[in-house]
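One chain is shown next in C-alpha cells, namely the form predicted on its own.
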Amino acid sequence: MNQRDTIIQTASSIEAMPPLALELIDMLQSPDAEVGEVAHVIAHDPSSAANLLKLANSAAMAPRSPVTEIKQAVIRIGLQRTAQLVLHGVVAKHIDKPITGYDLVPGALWEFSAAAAIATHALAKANESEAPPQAFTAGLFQDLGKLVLGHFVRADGEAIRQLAFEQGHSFEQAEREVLGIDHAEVGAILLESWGISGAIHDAVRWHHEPENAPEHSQPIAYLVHVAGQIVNLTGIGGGADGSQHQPSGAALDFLDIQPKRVEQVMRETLFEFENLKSLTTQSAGSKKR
C-alpha cells in the first residue's frame, strides 16, 4: 500500500462527528429550518442544551427575564446563530488539539476554523448579499483534513517545506508532490465518510482551487477560499503553512475583491470572532459556577 492509500484509509476510519452536529449541518443547509426543529434537536444533547440556556441568560444577551426552555433560548439568540454556536461548540471538541505537522498549538485550528466560518458571512455582507446557508459549515470544515494529514506532514516535513518555502510551491502542491494527496482532499474524504456531500463537501475539497469545484458549488467555494485567505492575513490560528497558499484569481474576480473590501471583512471578522470567544467563554464560565 502506497502512502496516499494509507492516508485515505486513515481518513475513512476516523470517528464521525456526533449525531447532533450532523443534524445541525443538515438544518443549516436549509433556509426553511424552523425554531421548533432546531430546539428539538438540541434538547436531545444535555450538554449543548445546558450551555445554550446559560448563554441565553448570560449578561451578553442582556436578558430582561430568564428563559427556561430551549425554544425560548433559540428565539432569544436567533435561529441561525444558535445552530452555528452549538455546531461550533460540538466541532471544537474534536479539533481543539495540537497538530504538530502544521505547528498548530492546541486551539489554533479551532480559532482558524471559527474565523473562516465567520469570514464567509462577512464577505457576503461586504458584497451586499447573504452567504448561502452551507457557507458557514464549509468555512468551519475547510481545514479538517489537517487532523489526519498532520502526522504525515510531520514525518515528511523537510521535503514539504523545501518545496513550499525554497522552491515557491504552494503548500498544498507540496503536500501532493510529497504525500500524493493534500489536506483539502483528505478533508473531503472525511466528510464523505460522515455522509456529508453537496456544496459543503465540494467547497472543502476545492477550497484552495475553487475554480475547479463543480459549477453549482463554485460560489460557496469562492467564498470559503477568500475567507481562508483573509483569515491568514489576520494571523488567527496560523500554522506552518502560513501564507504559502496562492489566491485564486477567479475567486477574487467573482467576489470583486478590492483592498477596502478586504479591510472591511478583516475588521468584521475580528470583531465577530472576539464576540464568539466572549460568548463561549461566558457559557463555559457559567458551567463552572
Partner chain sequence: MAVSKCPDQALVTYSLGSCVGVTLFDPEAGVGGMIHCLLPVSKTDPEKAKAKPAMFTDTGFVALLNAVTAEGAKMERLVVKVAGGGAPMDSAGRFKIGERNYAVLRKLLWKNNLLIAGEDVGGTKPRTMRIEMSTGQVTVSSCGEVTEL
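Residue numbers count along the first chain shown, from 1. Please read these numbers as outputs of a predicted model, since none were measured by experiment.
The same protein has a further form, the form predicted in complex with the partner chain, not shown here; the description that follows concerns it.
Using a 4.5 angstroms threshold between heavy atoms, residue 67 stays clear of the partner chain in the model of the complex. The partner chain is not drawn, but in the model of the complex it has a heavy atom within 4.5 Å of residue 259. In the model of the complex, residue 176 stays away from the partner chain, with no heavy atom inside 4.5 Å. Among residues of the shown chain, residue 230 is one whose heavy atoms approach the partner chain to within 4.5 Å in the model of the complex. The candidate spot formed by 244, 263 and 270 lies fully in contact with the partner chain in the model of the complex, as each residue has a heavy atom within 4.5 Å of it. Only one of 247-255, 43-51, 216-224, 56-64 places residue heavy atoms within 4.5 angstroms of the partner chain in the model of the complex, namely 247-255. Taking 121, 76, 161, 94 one by one, only a single residue has any non-hydrogen atom within 4.5 Å of the partner chain in the model of the complex, and it is 161. Interface residue among 168, 107, 195, 198, judged by heavy atoms within 4.5 Å of the partner chain in the model of the complex: 168.
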